[in-house]
Each structure stands twice: as structure tokens, then as C-alpha cells.
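Next up: just one chain, as C-alpha cells, the form predicted on its own.
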């Protein structure tokens, strides 16, 4: 059976997380994954505290299951964390910074704390501070990448370093085999981003989704090209002619993002990925994807993705048990 200690800790059925992809993991996707038995994590992004509270309410209108909210600590986030603690979401998760100052406050509210790291050193810091779950992110991951070590090498090192604190594995995990492999490395959950990006509930632009479906494992690039809003932060994106040229010097807007009544201009090198609310030169924007992208062959409902992941993983585990 596909169940680990993380399932009991978070009150979920299956040890599968949906990564909090910026501007892509909204209420619909987070709720769909949680409703299907996994753990959906909303990306708080640039939402105001009021808007974040509304989005949390939207998730709760779509599912009665627990979910998390993620904050990237490079950007202002204290007020958003306050909202999540007031709303008592299932967990708050962090990336790109030190989460220690939030741990005690979260635990007083009965909220779990998750942090994503790219090194053993940062994992030890988290474990010492009382973080409930550490996500070890390998270099193969899509989006912004914290470290330089592969998933296969990093996960067991982190597991050994911080036991008994549970570890979730992230980085190029896109199918049932990857989930089982993560468990074999000692992780107690797997975090999938690119696979859920190609879901009906994802807010990624349709052209972006089709690019993901068509790509292979060699079609991603680790770069710092898309750093307009987040200078110096390395990331993994799909290889496109724009990426190959590497020129972000243009002063003209390459597209626009609709945010309510506002039309936000997007310039070359923006770190904002194209969503269904984006118009313009989609192929010149940040098409984040991990090296597991070649395993993503179709756009499906998140519930169908979860069903296939769970069924496949349970078949593999059963076959391994039979062969033991």
C-alpha cells in the first residue's frame, strides 16, 4: 500500500505533493490534488493578504481535505504567513531562505512547517529548528533550483542527516516509477511539479502545456536568464530559440498579464511564466520544466494523474514484494 509516515503527519491518503509552481498552482489545482488524496500546495506568489485569504477560501469551497501554502522568502511574505496561520491551513511551506522564525508560531496554531532545500547543510538547519518536513530538491528540478546535487545523490544524504525528520523528494519525478524510487531512497513522499503543470486545472498557458507534452529529457536548460524579478536565482526552463539567443536587452514588452482589470506588461527576462491570462510571445517567456518532462505525454485532469500515479506505484510495490 502506498502510505508513509508523512501521510499520517499531514492527514492525507497518498505521499504525493503537487509542487507550488508560481502563477501556475492556483486554487483549482491545489484543491484537485488534495481531493484526490495527495497534498496540494498553493503558491502564494504576489497575492496581497486579502487576495490570499480569498484564494484559501476558494480551495476550501472545492475540497474538505488539507492543503498547504508556499512562500518564496526572497519576496515579502510575513503578512501572508499571518493569514495562513489565522486560517490554520494544513501546512505552510517555504523556499529560498531560513524558515526558523516561523516554526514556533506555526506549531502554536497547529500548522505544520515544510521547507525545501538543496543541500544537507540547510536540511540540518531545518531539522534543528523543528521543521516538520524537509523537501530535498535535486538539480534536475524545474523552476528555481536551490542546489547543484542530483536527486539520486541528495535525497539519501538528507534522509541520513536528519532522521527521524521525514523527507520528501523533488526533482525530475514525473511518474509512478519516480515515486517508488523516491521511497527507495528513504524519502516518505514525492513532490511533482512538471507533471501537474500539464493538468487541466493548471493555469499554465495552453501553449506552455503543449510544449511540456512535446519535450524530451534533453530539452531543458539550467540558466539565470529569467531573473528580472528575482536576480541571480538559477532555474530550469524548456529550451526555446529565445533561450538559445539569451538576449533580454529589449525594452519593448513581449506580452501582457491580465490581473483583474489591470494589464501588466511583461518584458524579456521576466520570471513570471505564461498563464491562461497571458498574451504575447509565449515562447519568449519562462517555460519552467524539470528533466522529467519527457515522461509527460498528455494533459489530464489532476484526479486522473493522481489515479494513474497511485495505481502504478502500488503495482510496482506489489511486484517488488512478490519478488522479494
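Positions refer to the first chain, counted from 1. This is a predicted model, so every value here is computed, not measured.
Another form, the form predicted together with a small molecule, is not on view; read the next lines as being about it.
With the partner omitted here, the stretch from 288 to 296, 275 to 283, 26 to 34, 61 to 69 that lies within 4.5 Å of the small molecule by heavy atoms in the predicted complex is 288 to 296.
This chain is drawn without the small molecule; in the predicted complex, the residue among 219, 122, 140, 201 with a heavy atom within 4.5 Å of it is 140. For the candidate set 192, 134, 155, 84, a heavy atom within 4.5 Å of the small molecule in the predicted complex is found for exactly one residue, namely 192. Interface membership of residue 172, defined by any non-hydrogen atom within 4.5 Å of the small molecule in the predicted complex, is confirmed. In the predicted complex, residue 306 stays away from the small molecule, with no heavy atom inside 4.5 Å. The closest heavy atom approach of residue 20 to the small molecule in the predicted complex falls within 4.5 Å.
In the predicted complex, the small molecule stays beyond 4.5 Å of every heavy atom belonging to residue 102.
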